[in-house]
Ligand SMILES: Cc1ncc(COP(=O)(O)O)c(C=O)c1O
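Shown here is one chain on its own, the form predicted on its own, set out as C-alpha cells.
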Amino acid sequence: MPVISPALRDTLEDLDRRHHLHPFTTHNELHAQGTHIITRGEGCWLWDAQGRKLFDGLAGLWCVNVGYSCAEITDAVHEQMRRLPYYCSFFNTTTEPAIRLADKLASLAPRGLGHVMFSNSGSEANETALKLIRAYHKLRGQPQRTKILSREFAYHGVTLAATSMTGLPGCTKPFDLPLPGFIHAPAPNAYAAHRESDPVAYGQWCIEETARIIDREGPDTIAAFFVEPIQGAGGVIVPPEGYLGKLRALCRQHGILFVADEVITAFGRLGEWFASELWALEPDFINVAKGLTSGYLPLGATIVSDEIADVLIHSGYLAHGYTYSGHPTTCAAALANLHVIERDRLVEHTRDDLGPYFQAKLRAFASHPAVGEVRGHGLIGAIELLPREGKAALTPTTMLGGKAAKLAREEGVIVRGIRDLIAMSPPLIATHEEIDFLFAAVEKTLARLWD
C-alpha cells in the first residue's frame, strides 16, 4: 500500500483534531505531536501513514491473536455479508452463525459452562454477567446479594458498572466512580507493595485481607467476585502459586459466584483455550471478547454455567440483550478465527514453543540495571522500569512506561506503557525471529531510557 501523501496526512490529522474524541488519550498531548495513523497490517506487522514498518508487540489491544490480514476471516465476513449481513436474535429468532458459535464456545469452555449470551465488547460481556447475576440471586430468593467484589489494579471495562469494578483510579476518579456496592480487595501485586521477595506470602496476605473484607461487608450481601486470572491493563499481574485456588475456595465457602474475566487471557494467549483451565478455577461465568475474533470485528460473549442458565431459562422473559447480540457477521468472523486457531494448533504452539521462547527472552532482562522486575506467562509479559536512582526514586509522576513506549516505537516496535512498566502480548503467529526483533528493540529502548 502506498505511503499517504504529506498533504493527505495533514488533512487527516486536522480532521482528527477537529472532530475525533480518542479513547484513553490526553488530547492536547496527542495533537501537539500529531496523530499516529495506521494504514495497513499484515501478519505481525503494521505500517503507518509515513510508511514506517512496526512490529505489533501488543497485538492491537491484546487481541489480534491470529495476526493481521487473515484471509479465512476476511473471506468468511465477506461471504456472510453477501448472504445475510444482519439479523437480530430477539423475537424467538436468530441466525446460523450465532447458533454455531454458541455451540463452539460451549464445546471449548470448561465443563459445566454450556450457555452463551453475546454482546459487542468485553465491557458489555461483564455488564451482561452483572445483570444475569442479579437476576439469578433474586430468582433464588437472595435479592440482598447485590454487592460486587473485584480487585485493585483490575480492569473490567468502561461502562458505568464495569468501570466501578475497575480498580484503576485513572479510570474511576474522573467520573466519580465506583458506584455504591462495588468493593475492591487487594491484588497480588507484590512488586507494587514492595513484597517482591516473597510473592506467595503476599498473595496469602491478600487472601486473608479479602476474607476480612467479606466478613465486614456481610457474606450474604455479596453477589459475585470478578477476577482476571492475569490482570492485564493493571500491569500484567501474574498470580502467585496457590493464590487463585484459595480465592476460588473463599468464594465457594460464602456462596459468592466466581466470574473469570478472560477478555485478554482466553483463546490461546496463555497456552490454553482458557486461563480457567490452566488454574482449574471452575468459574460460574467466563467473559470473553478480544481474541474471540482476533479483533477483526467487535464481539463479546458471556459464557454461563448450566446451573445458572437453567434458572434464568425457566424464569420467563429474559429482558436483556443488544441490537447486535449474535450479529451474524461478527459471529462468522469468530467461527473463522477459532477455526484458524485450531487448524494451526496455535494454543499448543504457544504452550510448547512460542510461549516458552518469549518468556525466556523476557526473563533475560531480569538482571538489567534499568529493570526492577519481569513477569509474564505464555505470550504476555511486563517489564518494570527503573530510573538510574533505583526503585525508591519512582513517584506517581515518573511514568517511565509511556516514555519507554514512545522510544520503542522509534525502534520499530509497539509496546504498551503502563505507569512505570511496558507490557507486551504479540500475536500467536509470531516467529522466533520476530520475538528476537521485539526484544532487541526493547534492549535499545532501555539503553535510551537512561541516556
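Position 1 is the first residue in the sequence shown; the rest follow in order. No experiment lies behind these values; they were computed from the predicted model shown.
The protein also exists as the form predicted in complex with this ligand; that form is not presented, and the subsequent description refers to it.
Listed residues Pro199, Gly157, Gly376, Pro97 were compared with this ligand in the predicted bound form; Gly157 is the one with a heavy atom within 4.5 Å. Heavy atoms within 4.5 Å of this ligand in the predicted bound form are found in one stretch of 367-375, 149-157, 186-194, 67-75, which is 149-157. Not displayed here, this ligand is kept clear of Thr172 by more than 4.5 Å at the level of heavy atoms in the predicted bound form.
Though the partner is left out of this view, Gln204 does not reach within 4.5 Å of this ligand in the predicted bound form, counting heavy atoms only.
At least one heavy atom of Ser121 is located within 4.5 Å of this ligand in the predicted bound form. Not displayed here, this ligand is kept clear of His327 by more than 4.5 Å at the level of heavy atoms in the predicted bound form. Residues of 261-286 lying near this ligand in the predicted bound form, listed in sequence order, are Asp261, Val263, Ile264, the criterion being any heavy atom within 4.5 Å.
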